[in-house]
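Take a look at this single chain, the form predicted on its own, given in structure tokens.
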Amino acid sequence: MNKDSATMLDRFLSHLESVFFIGLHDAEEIISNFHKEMSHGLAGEKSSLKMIPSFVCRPKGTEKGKFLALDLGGTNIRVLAVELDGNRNAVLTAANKSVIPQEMMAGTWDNLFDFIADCVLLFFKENDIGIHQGYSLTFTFSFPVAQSSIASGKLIGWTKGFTAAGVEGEDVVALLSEALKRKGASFIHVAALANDTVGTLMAKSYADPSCDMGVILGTGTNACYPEKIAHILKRPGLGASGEMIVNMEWGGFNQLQTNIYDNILDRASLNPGKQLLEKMVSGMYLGEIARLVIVEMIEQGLLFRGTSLSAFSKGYALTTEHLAMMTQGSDFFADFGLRDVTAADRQAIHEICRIVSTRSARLAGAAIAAVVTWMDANLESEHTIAIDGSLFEKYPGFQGCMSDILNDLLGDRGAMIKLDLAKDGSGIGAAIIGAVAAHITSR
């Protein structure tokens, strides 16, 4: 690479850094806008945050018994059995995992829910669980749902690549119950409906009473927290005292400064104009954002000179896993038929991955700061944030970038916030929701 080309590359990367950077002022503006949208959402006014009541409160840690959970959170479906000892300990005693075929994700409601029912029956068969008695099951359905009770809720709209017809606007508990009945599994009663984010909070708070926020940072992103019931103005019949966990559906937050790459991705997506925070933060989209940057740089002659664009021309060919490989010091070049990559190109790709993933982490950190300061403006209490998802768990440096923005925003007070990995929150947490629901219905 000659000197002029190197200078042009450096200038582009410097510009890219500024386009994606989330500074302190940006983060403070995000927090302010989050608080406004939270207030509007709780009041039932127009808001990009749905603020959906979950009809469940945090567990006491004394719940006890054996509970079943069905977890539909993305491309996989899991069926689990969990035992609670009544002393803040939860043990996963059995689990089955199945991949949802693409034709089910994009097919019809009956085919999708029949497949789900088949997975439940397979769990009973493979774990040699008798069907001579009745079983209560909590259904973790990790999509935006307008919940009307602990065991009913209508799908607002599909996300995460699902488009199955006949589900939007329908009660998903009723659809599952009908499918179980069709499959001869009437001995299973769907006792509670859960969101994976709420499950993550429930799982961690069962063990740790300081946990008051659940976050998903994986293929998608979402958050929940306990809100005073008196503040949930859009549901005046909930009562005047106590708290209830609110599912924010924060992936839809839209008070954000987007750039040209965000706009291209959004226009080409299945849901243009929606889920803006999710498209800037979650693992489903980070690779595509980086790919769009790489395509532009190839077109400008700044990367892979003499290389055909075809390797990077397919949408979503570049994944977040590819970005993580670069960050770890490995590379993905062989996957794209690239050989003899120059040191300058390698370094440029490394920088693109760092810039895109750093923005994701800083946005996530700012959003967490917004929710915590909504609950506790002066940070007078400790707050454990239960976080599940591959981005938080596996992406190199992601946790550190989140901590950096929290420290930038809150200074010494940031020490009151603890980011804690909560693996399998959506499964174990669903069982705990079932335990809390059983207590509610027995009163």
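Residues carry their position along the shown sequence, with the first being 1. What you see is a predicted model, and the numbers here were worked out from it, not measured in a lab.
Keep in mind the form predicted in complex with adenosine-5'-diphosphate is missing from the figure; the text below concerns it.
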As a check of understanding, the residue in Asn247, Thr320, Thr140, Ser360 with any heavy atom within 4.5 Å of adenosine-5'-diphosphate in the model of the complex should be identified as Thr320
Checking Phe67, Tyr395, Phe34, Phe55 against adenosine-5'-diphosphate in the model of the complex, the residue with a non-hydrogen atom inside 4.5 angstroms turns out to be Tyr395
Looking at 387 to 395, 402 to 410, 36 to 44, 371 to 379, which one sits within 4.5 Å of adenosine-5'-diphosphate in the model of the complex if you count heavy atoms only? 387 to 395
Answer with yes or no whether Gly365 is in contact with adenosine-5'-diphosphate in the model of the complex, where contact means some heavy atom within 4.5 Å. no
Does adenosine-5'-diphosphate come within 4.5 Å of any heavy atom of Gly283 in the model of the complex? yes
In the model of the complex, Thr219 touching adenosine-5'-diphosphate (heavy atom, 4.5 Å): yes
Does Gly107 make contact with adenosine-5'-diphosphate in the model of the complex, using a 4.5 Å heavy atom cut-off? no
Using a 4.5 Å heavy atom cutoff, which residues in 337 to 356 contact adenosine-5'-diphosphate in the model of the complex? It's fine if the answer is none. none
